[in-house]
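The form predicted alone is given below as one chain in structure tokens.
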Amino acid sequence: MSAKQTRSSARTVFAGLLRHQIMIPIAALLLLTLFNLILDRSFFSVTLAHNASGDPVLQGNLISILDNGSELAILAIGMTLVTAASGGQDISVGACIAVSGSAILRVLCGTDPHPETMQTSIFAAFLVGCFAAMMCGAFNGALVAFFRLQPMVATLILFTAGRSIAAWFNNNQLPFISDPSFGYYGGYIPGIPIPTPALIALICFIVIWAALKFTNLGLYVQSVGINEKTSRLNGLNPALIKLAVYIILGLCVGVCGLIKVSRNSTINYSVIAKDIEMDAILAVALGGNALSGGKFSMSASILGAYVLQFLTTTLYKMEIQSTAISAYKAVVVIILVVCSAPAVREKASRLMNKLRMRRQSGSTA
């Protein structure tokens, strides 16, 4: 193979990589990494310290990103499937996390909001919290699949009422779990220096990878999202698939509910998971997924969630006021999403082809 053919082959491979969906969050990650390397190299330092219980734990900005971004990444799994199948987004996940977390605390506390010991096992309470969240997902999914409401309109109901329902579960009281073992799920397990939410997120990633790899879930979701009528002619039931993805999102919400209430061993109904639904939608968009549904990349969405947390941590490191963080994130994400839009990428590809042809014609002359 000649040198010219080798260069041409390398350009083809490079162009193929650039067209891959996951390159969008990877490019954003590289830009943020470069920015922080220039701003402050200590941003990437990781140290082994001891927490309040005296256990050795890893600390640093990267660990913080891994820890705080895990809940968003778990939500991004369900949100990606919902977006791909229904062509819309669930804006009630923050309120549903409050419902799930409140149900968990209700089961653990029983009739006493401040019990000395937990009234049941954490696993049993977790199952109840997941069930409550999946019922919320089934409610939203039924409105979208069977009553054909727009996803944002359908989920607006629980977005508005969810936190009140969560408060009603515990009679508007703020339950508190004093048992330190409950805090392991939102903090650190003794002897393991890695944050537990990161380990829970890893388990969720493995489960969804196996589901997409060894079942037809991904194929069915994409088929319904691309063309619902065609998928029905091919023997699929679009309504049931839409209902299923909302229930899966509910399961993801239940997992996040456990992590959220475990972090503080209590719940604040109006603050818990506030605006997390917007971040979950942004993570899906940052992953290059079309918000109108159809083809999706789960790995790109998950990476997009961590990139979004990377951006948030960077802004805090720059001492940006917390009230302005959302505005900065919105601007950056809008720029990235616009740059990754198919129309923009197509025009950029045409421009590159024109420049290449001019270069070739110049060298031939």
Partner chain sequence: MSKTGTLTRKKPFGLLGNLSDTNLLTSITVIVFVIMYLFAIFGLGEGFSKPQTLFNIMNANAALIILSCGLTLVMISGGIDISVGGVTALVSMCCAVHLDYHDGNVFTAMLIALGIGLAFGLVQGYLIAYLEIQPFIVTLAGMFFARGLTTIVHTQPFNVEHAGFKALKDTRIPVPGLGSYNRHGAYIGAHVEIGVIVALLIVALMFFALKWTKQGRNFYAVGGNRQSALMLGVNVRRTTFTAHLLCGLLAGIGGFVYFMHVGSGSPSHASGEEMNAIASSIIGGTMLTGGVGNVIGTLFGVLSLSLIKSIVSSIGLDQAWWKDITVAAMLCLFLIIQSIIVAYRKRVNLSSAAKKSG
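Numbering follows the first chain given and starts at 1. Remember, predicted model here, so these are calculated numbers, not experimental data.
Only in words, not in the display: the form predicted together with its partner chain, which the text now covers.
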Study note, to complete from the structure: Interface check vs its partner chain in the predicted bound form: of Val153, Leu127, Ile226, Leu240, the one with a heavy atom inside 4.5 Å is Val153
Point to revise | Listed residue that, although its partner chain is not shown, lies within 4.5 Å of it in the predicted bound form (heavy atoms), from Phe159, Tyr220, Phe205, Phe182 | key: Phe159
Practice item. Within 4.5 Å of its partner chain in the predicted bound form, counting heavy atoms only, one of 96 to 104, 277 to 285, 114 to 122, 255 to 263 shows up; tell me which. Key: 277 to 285
Review point. Can Gln321 be called a contact residue for its partner chain in the predicted bound form at 4.5 Å between heavy atoms?
Key: yes
Exercise for review: Determine whether any heavy atom of Ala167 comes within 4.5 Å of a heavy atom of its partner chain in the predicted bound form, and answer yes or no.
Suggested key: yes
Check your understanding: How about Tyr188: is it within 4.5 Å of its partner chain in the predicted bound form, going by heavy atoms?
Key -> no
Practice item. May I ask you to state whether Ala343 is within 4.5 Å of its partner chain in the predicted bound form, using heavy atom distances? Key: yes
Practice item. Could you run down 74 to 109 and flag each residue that has a heavy atom within 4.5 Å of its partner chain in the predicted bound form? Key: Ile91
